[in-house]
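Before any questions on how it binds or moves, here is one chain, the form predicted alone, in structure tokens.
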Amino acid sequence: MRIDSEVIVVGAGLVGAACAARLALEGREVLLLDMQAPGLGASFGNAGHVATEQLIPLANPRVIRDSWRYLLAADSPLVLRMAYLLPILPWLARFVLAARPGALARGVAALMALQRTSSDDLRELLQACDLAPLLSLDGYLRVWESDAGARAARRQAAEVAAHGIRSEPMPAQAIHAEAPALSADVSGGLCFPDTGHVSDPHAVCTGLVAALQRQAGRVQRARVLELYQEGRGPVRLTQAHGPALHARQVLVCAGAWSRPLARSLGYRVPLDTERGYHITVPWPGAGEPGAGAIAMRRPIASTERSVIMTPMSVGLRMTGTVEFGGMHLPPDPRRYALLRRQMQALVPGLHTGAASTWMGFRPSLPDHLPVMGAAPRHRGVFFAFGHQHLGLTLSGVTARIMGALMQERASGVDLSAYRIDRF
């Protein structure tokens, strides 16, 4: 049987591109497949925040308790589209189960196991791929505008401090000195110094792909419909167009599109999507009004507004809304309008008329842990998908772990919490 590549990676988002680049750097023959150009899925809309402080899964008692207040509110940061209520009910039921104390503790421990080295792994990978200038590890600010916001931010910081995450008080004067265009209503904040951001997530993704190609790796547009393996032989990938491909090892990193590929091998996984929205306002040109005033050097998150602004090479990007609505409903224009209002409130006078908009599908499991590891019943098949909001943050550590696993080396991480059959 013809072998088209020793390794085929399905999915050219941040996780797939990172894994493919890492394998190629270690001398493997790699073919990277995606149905569109690299980095144009969920990775394109990434907030750019290297969120090493995020250890508490969305499935937690506070979110469950408060969900009735905002799931159906039009201006809420977390929304459920009514047209998608019935399809997502089984996922929501598992989500509630994952918020139980024992399950939540296991989820926090599993995220900690990945976050422990995520920043170092990302930095090392980007350095190896000549992408170090895109990464800044100088922290982010979480600000507030009210006493209630201050209490909420401090409570969240205390939760993660119990797991070793540092934060430092940031008085209003220091915040406004760093970001002079920020609203005068911002009255204080916290700095999380061990986090960071990238200047352009799409550039990171395409840069990883370029590094793969420098190592003689190949990239091909292909829509993979199903996987098949007979016995312990090569893995066959059926394409929507073109002949089947064969590889000794296949790594599925197809994000929100991973579920049917896993199902074709008999693995049923409750993967759904959190539809993410962003707006990106281009920087004013030299000499234009406000060109110097809106300078920001690192991300700023608003506690009350549940949004984050990240300065990027392409402009000032704001993200922060989560919508449960599946993959077929059109974007809700009210989400873009909400982000515009929030940005104008935080940066008064900023014109958002030229802002670009985006909506994409973050792959999410009910327990908010990714699927990572070897297929239990198919030698040569591996999975790395479902990283929800942490695709950029966990791309480096995922690449290191999967590279070790696919070459039968110890990764230093117990992968039982991320098994595809854990449900």
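Numbers follow the displayed sequence, beginning with 1. Keep in mind the model is a prediction, meaning the values are calculated, not measured.
As for the form predicted in complex with a small molecule, it is not shown, yet the points below apply to it.
Participant: Which one, 352 to 360, 365 to 373, 56 to 64, 22 to 30, holds residues whose non-hydrogen atoms are within 4.5 Å of the small molecule in the model of the complex?
Facilitator: Looking at the partner contacts, the answer comes out as 352 to 360.
Participant: Is it the case that residue 218, even though its partner is missing from this view, gets within 4.5 Å of the small molecule in the model of the complex, heavy atoms only?
Facilitator: Residue-level check for residue 218: no, no contact with the small molecule.
Participant: Would residue 276 show up as a contact with the small molecule in the model of the complex if we use heavy atoms at 4.5 Å?
Facilitator: Flag for residue 276 set to yes.
Participant: Taking the small molecule as it sits in the model of the complex, is residue 261 near enough to touch it, meaning that at least one heavy atom pair lies within 4.5 angstroms?
Facilitator: Yes.
Participant: Taking heavy atoms and a 4.5 Å cut-off, does residue 316 contact the small molecule in the model of the complex?
Facilitator: Output for residue 316 is no: heavy atoms all beyond 4.5 Å of the small molecule.
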